[in-house]
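Next up: a single chain in structure tokens, the form predicted on its own.
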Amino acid sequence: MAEIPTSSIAGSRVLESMFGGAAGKRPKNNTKTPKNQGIAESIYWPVILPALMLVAFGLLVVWSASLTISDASFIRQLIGVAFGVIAAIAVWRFDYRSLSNLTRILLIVDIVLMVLPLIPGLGYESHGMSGWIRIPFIGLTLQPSELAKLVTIYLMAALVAQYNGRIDNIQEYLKLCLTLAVPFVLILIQPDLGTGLIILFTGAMIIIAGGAKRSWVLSTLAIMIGIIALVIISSMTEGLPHILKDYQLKRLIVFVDPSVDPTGDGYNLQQAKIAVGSGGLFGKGIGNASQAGQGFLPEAHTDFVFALLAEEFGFVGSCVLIGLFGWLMVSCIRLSQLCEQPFAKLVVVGVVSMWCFQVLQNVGMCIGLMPITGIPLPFVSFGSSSMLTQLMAVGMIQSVWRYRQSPA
């Protein structure tokens, strides 16, 4: 029997420490390569199936929203799905392993994507928020930071994989943290705190899964909590620099005490909770969401899409949605346990972390468990850029599966 590389053993131990249990059986070396695999063999169906169901569920919700919300264009969402499927197929066929040695290029691409909306004439503002670009000659708009999420996953996975599951040097750990800080700081300049938090959480989970010492992680977390506290205090104190925008500070205040201003800054949260609660067990039915349909719930098709879904499909429909996300993520975790190479494992960890954070944040803010941010619900929220990114992430998982058993 061929000797198992030390890096594979270390990577498996990292996944065992994160998710528990054995790392799963390792694929044999004499299996088929991607060139002579059939299509069915090169697709990881435990991820494709729940992803397709989530897309279908999302299209149903957006179609329902389009009946009463003019901005919820069902045709635009279909176009986003079409482009997303094409991009996902391209990513699936691409050998992602070639990116493991291109960390500098990935960092440059990450920076460029973050800077594009700041270029005069190219940047585009929508609903009072920057972060989009208008593609020349086509007229379509794109949010580059959505694509930057995936680039950051590849970047951090490639950097962390070099340590083979164990980061022993504090200087190397700090170097990884500083690299992650580059896209995080750039996205805050736009400003887009929601996307910044996704990138920060995703990169942090990759570093943790890559073998960072627990004491370093806890120390970093304590420092971040201290910095956040100082930022909040500074933004609330006259005469000191107000780092947070007024609306960001008000969202935090409302999160702590929703009754502070129920008709003002706390209005969205109150209406979202009413929508979720009024759905009952089986919901009001498609097109019967009174909170969204009558204009009481702002951004019902984007930021608060879960509240719209819960009102129409009720507790049962919400459980189906959460169940599909659970199926998707558990399947990805299972794949990470089957992968031999650290880079493959960490790419999957990054994608799962991105989905997990977005789901927890979007659902949590609709029921008052998380602060309100503009983070979309994967595969469900209206938005072509978000749909393109989520389907490309599915393609990333499929690429890991397709090239799991062949030499690099």
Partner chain sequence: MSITTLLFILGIIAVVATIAIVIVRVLQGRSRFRVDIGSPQPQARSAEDSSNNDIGFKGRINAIGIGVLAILATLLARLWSMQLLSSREYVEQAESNRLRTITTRAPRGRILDRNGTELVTNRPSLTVVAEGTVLDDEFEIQLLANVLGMPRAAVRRKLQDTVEGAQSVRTVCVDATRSVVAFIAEHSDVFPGITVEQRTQRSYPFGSLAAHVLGYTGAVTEEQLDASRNSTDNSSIQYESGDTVGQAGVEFQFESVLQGVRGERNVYVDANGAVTSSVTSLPAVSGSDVMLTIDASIQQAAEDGLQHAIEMAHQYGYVNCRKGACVVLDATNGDILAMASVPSFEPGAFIGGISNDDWDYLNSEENDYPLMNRAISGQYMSASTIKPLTAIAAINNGIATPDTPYYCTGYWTGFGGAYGQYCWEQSGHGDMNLHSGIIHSCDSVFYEIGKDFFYSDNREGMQEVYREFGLGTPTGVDLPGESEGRVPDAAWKWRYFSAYSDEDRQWKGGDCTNLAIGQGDLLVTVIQMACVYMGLGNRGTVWRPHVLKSILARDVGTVADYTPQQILKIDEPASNYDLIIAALKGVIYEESESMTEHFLSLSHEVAGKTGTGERTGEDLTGWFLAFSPVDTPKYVVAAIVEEGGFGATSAMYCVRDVLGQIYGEPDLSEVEVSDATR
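Predicted model, so just to flag it, every value in this text is computed and none were measured. Numbering follows the first chain given and starts at 1.
Quick note: we don't show the form predicted in complex with the partner chain, though the next part is all about it.
- Contact with the partner chain in the model of the complex, judged by any heavy atom within 4.5 Å, is made by just one of 55, 47, 352, 65: 352.
- Think of it this way: in the model of the complex, the partner chain has a heavy atom of just one of 318, 190, 195, 302 within 4.5 Å, and the residue is 318.
- Just one listed stretch, out of 56-64, 342-350, 39-47, 378-386, contacts the partner chain in the model of the complex at the 4.5 Å heavy atom level, and that stretch is 342-350.
- In the model of the complex, the partner chain sits beyond 4.5 Å of every heavy atom of residue 75.
- When the partner chain is considered in the model of the complex, residue 236 lies well away from it, no heavy atom lying within 4.5 Å.
- Although the partner is absent from this view, residue 278 contacts the partner chain in the model of the complex, with a non-hydrogen atom inside 4.5 angstroms.
- When contacts are judged by a 4.5 Å heavy atom cut-off, residue 164 counts as touching the partner chain in the model of the complex.
- Contacts to the partner chain in the model of the complex (heavy atom within 4.5 Å) from stretch 322-349: 322, 325, 326, 329, 330, 333, 336, 337, 340, 342, 345, 346, 349.
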